[in-house]
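So this first bit is one chain, no partners, the form predicted on its own, shown in C-alpha cells.
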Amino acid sequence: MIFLKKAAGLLTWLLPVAILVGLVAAWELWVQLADVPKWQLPAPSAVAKELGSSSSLLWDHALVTLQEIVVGFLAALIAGLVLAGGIAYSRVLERSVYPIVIASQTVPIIAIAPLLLIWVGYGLTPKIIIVALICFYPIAVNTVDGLKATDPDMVNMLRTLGASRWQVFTKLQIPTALPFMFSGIKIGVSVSVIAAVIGEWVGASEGLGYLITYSQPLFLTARVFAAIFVLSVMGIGLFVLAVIAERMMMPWHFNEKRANSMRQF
C-alpha cells in the first residue's frame, strides 16, 4: 500500500516533466528539420545558448523585475488582508467598500498604466502599483470568502462559552480563512509576474519586460525566449515559496488531507 502510494506520487511528478521534455524535443526537431529561420523561431538549444551568453544581462534585468514583484505583492498582501478583515468584521465596510472592490476589476489595468506614468513618473513606482493592483483582488476576495465560511454552530458555541466577537474572529474565523487566503496568495503571486511585465511594457528602461520589447524589433528572438524562460522560472519559484509558507502555517490542514488520502487506499 505504501509502495503504491509512493509510486503514484512519483508518477505525478514525472508525468508533467516527461510531457515538457517531449514538447521541447519536438520543438527542437521541428526547427532543425523544417529549417525555420532563427529570427522567426529559435530552437531550444539556441535559447539555452542565449541564456548562457546573456546571463549577466538577464540577471540585471531580472533583479529589477523581481524587486517590482516583491514590493508590489507585499503591498497587495498587506492591503488585501487588512481590508478583508475589516469587511468580514464590519457590516458597514462590507456594504460600502466590498462592492467598490469588486467593481474595480472592471477597469482594465492596461488602461491605467499610462496614467500612472503621468501621475508618478517613470521608475519602479508605477510598476509596483500595477503589481499591487492586480494581486490585491484575489487575495482580498478569497480571504473574505474564507472569513465568511466559518461554521455558525462553532461561532454559537464559542459565544455560549463567553467568547467575545474579537476572540471569535481571531481564534476561529482566521484559522478557517487560512486555506482560502493562501489560495488567493497563490493566484496573486502567479499573476504578479504578468503584472510586472505589463508595467514594463507601458514604460520602462530596465526589467525583463523592457528587455523583451527592446529585443523584438531587433529580431533577437532567442533573447526574447530567454527572458520569457527566466520569467517563467521566477513565477514558478514564487509559487513554490507560497506553497512552502502554506505548509508551514497550516500543518494540520495538510496532515488532514494526507490522512484522508491514506484512507482511500
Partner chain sequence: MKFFTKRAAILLSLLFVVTMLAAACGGDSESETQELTQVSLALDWFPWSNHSGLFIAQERGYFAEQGLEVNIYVPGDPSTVLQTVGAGRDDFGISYQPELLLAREQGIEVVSIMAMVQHPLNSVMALKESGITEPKDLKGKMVGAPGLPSDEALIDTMLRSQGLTIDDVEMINVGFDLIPALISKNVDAIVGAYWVHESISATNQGFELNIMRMEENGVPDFYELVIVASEDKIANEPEIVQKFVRAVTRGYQDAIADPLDAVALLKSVKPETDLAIENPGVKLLAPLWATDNGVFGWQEQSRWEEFADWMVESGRLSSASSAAAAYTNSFVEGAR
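Numbering follows the first chain given and starts at 1. Here the structure is a predicted model, which means the values were calculated and not measured.
There is another form of the same protein, the form predicted together with the partner chain; it is not shown, and what comes next is about it.
Using a 4.5 angstroms threshold between heavy atoms, residue 232 stays clear of the partner chain in the predicted bound form. A residue is said to contact a partner when one of its heavy atoms sits within 4.5 Å of a partner heavy atom; residue 218 meets this definition for the partner chain in the predicted bound form. Within 4.5 Å of any heavy atom of the partner chain in the predicted bound form lies no heavy atom of residue 47. The shortest heavy atom separation between residue 118 and the partner chain in the predicted bound form is within 4.5 Å.
Per the 4.5 Å heavy atom criterion, the partner chain in the predicted bound form is contacted by stretch 207 to 215, the sole one of 207 to 215, 233 to 241, 26 to 34, 55 to 63. For the three residues 38, 114 and 203, a heavy atom within 4.5 Å of the partner chain turns up in the predicted bound form in every case.
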